[in-house]
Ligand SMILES: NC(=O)c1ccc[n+]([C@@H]2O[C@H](COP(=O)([O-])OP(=O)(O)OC[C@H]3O[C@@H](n4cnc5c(N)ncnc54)[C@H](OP(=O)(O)O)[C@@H]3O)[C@@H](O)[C@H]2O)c1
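Below, in structure tokens: the form predicted alone, a single chain.
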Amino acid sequence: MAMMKAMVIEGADGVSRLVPRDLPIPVCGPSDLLVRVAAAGVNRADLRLSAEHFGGNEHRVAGGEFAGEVVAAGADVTAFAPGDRVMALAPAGYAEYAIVDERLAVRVPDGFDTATAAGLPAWYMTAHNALVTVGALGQGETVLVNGATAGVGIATIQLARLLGASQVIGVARSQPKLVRLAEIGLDTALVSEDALAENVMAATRGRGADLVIDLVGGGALTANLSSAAIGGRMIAVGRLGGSTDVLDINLLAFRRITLRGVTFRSRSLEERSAVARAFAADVLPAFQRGQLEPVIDRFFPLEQAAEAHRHVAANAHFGKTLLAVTP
């Protein structure tokens, strides 16, 4: 039986850890691709090491996005063939080989580095879905990104600027990281400890933000709603500050704000496929044209996945942290 190296989630009593293991190379189902993984992205969701969060793969292999070369395809696959390079937002990427349904795979553009492509799906699919599909961003609108230095925040700033936002406002706790965001399209940087709503209103001449993309979650809701324009929209994406808050219904109603949430965990395969297709159609061409550049922090070897997690947990990164899996 052919074997591969993988980083597996093990543990009990609420304590989990990443452990290297030799596992059988997975076998394709009818609509699956078997991918030799070049690199895997490290995301904050990956830090929640638990069987529940990473359910769905038999050996509890960690990881949520990867890129590599197709080495085998199921009998019903029509869009890809061995030798094709793909990226995917899919589980079990912390391994030398991974399985992905062809409906979730996105072709890596010609001339684009395969390992770097591993850092695109989670951030840019999420950002595009929040901004465009759910947030309905219009030309000339003002976008407020709360939690701007988080990975999806970086992608959101880049895409908002690309898609015609007239002003992009970023909020974060780290002033040095906020300064770096100016290089990728941020117009106004605000430190989250300051009076957010007052500063947003000052920056928008009293109008507020047409679209608020929130990555903070708990503790930020009232400030976000107070920063939105009358009739604005708020999209709840992340929960860096926790998953609960208190909603001022009077404020929501007075400002006539549309409040929506997004996540991938409750989406069907068809819904996730639609997100991947929209990303491939609307975002990837901008990378090919050089209008977008991935923001890469650093690579860790696969066997140092636990160290990579600590690096991200300590907020020591700016941009995507990646695991180099195979040459």
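One rule holds for the numbers: they count along the sequence shown, beginning at 1. What you are looking at is a predicted structure, and each value in this text was computed from that prediction instead of being measured.
Below: the form predicted together with the named molecule, not depicted.
> Within 4.5 Å, heavy atoms only, one stretch in 27 to 35, 259 to 267, 294 to 302, 279 to 287 touches the named molecule in the predicted bound form. Which?
Correct option: 259 to 267.
> With the named molecule left out of view, which of 209, 215, 160, 95 would have a heavy atom within 4.5 Å of it in the predicted bound form?
Looking at the other structure, the residue within range turns out to be 215.
> Considering the named molecule in the predicted bound form, which of 239, 103, 180, 107 comes within 4.5 Å of it through any heavy atom?
In short, 239.
> Would residue 142 count as a contact of the named molecule in the predicted bound form, using a 4.5 angstroms cut-off between non-hydrogen atoms?
Residue 142 lies outside the contact set for the named molecule.
> With the cut-off set at 4.5 Å between non-hydrogen atoms, does residue 19 touch the named molecule in the predicted bound form?
The answer is no: residue 19 has no heavy atom within 4.5 Å of the named molecule.
> Would you classify residue 312 as touching the named molecule in the predicted bound form, given a 4.5 Å non-hydrogen atom cut-off?
Yes, residue 312 sits close enough to the named molecule in the predicted bound form that at least one of its heavy atoms falls within 4.5 Å.
> Does residue 233 reach the named molecule in the predicted bound form, with heavy atoms at most 4.5 Å apart?
Outside the cut-off, so no.
> Who in 109 to 140 is close to the named molecule in the predicted bound form, meaning a heavy atom within 4.5 Å?
Counting only heavy atoms within 4.5 Å of the named molecule in the predicted bound form, the contacting residues of 109 to 140 are 123, 126.
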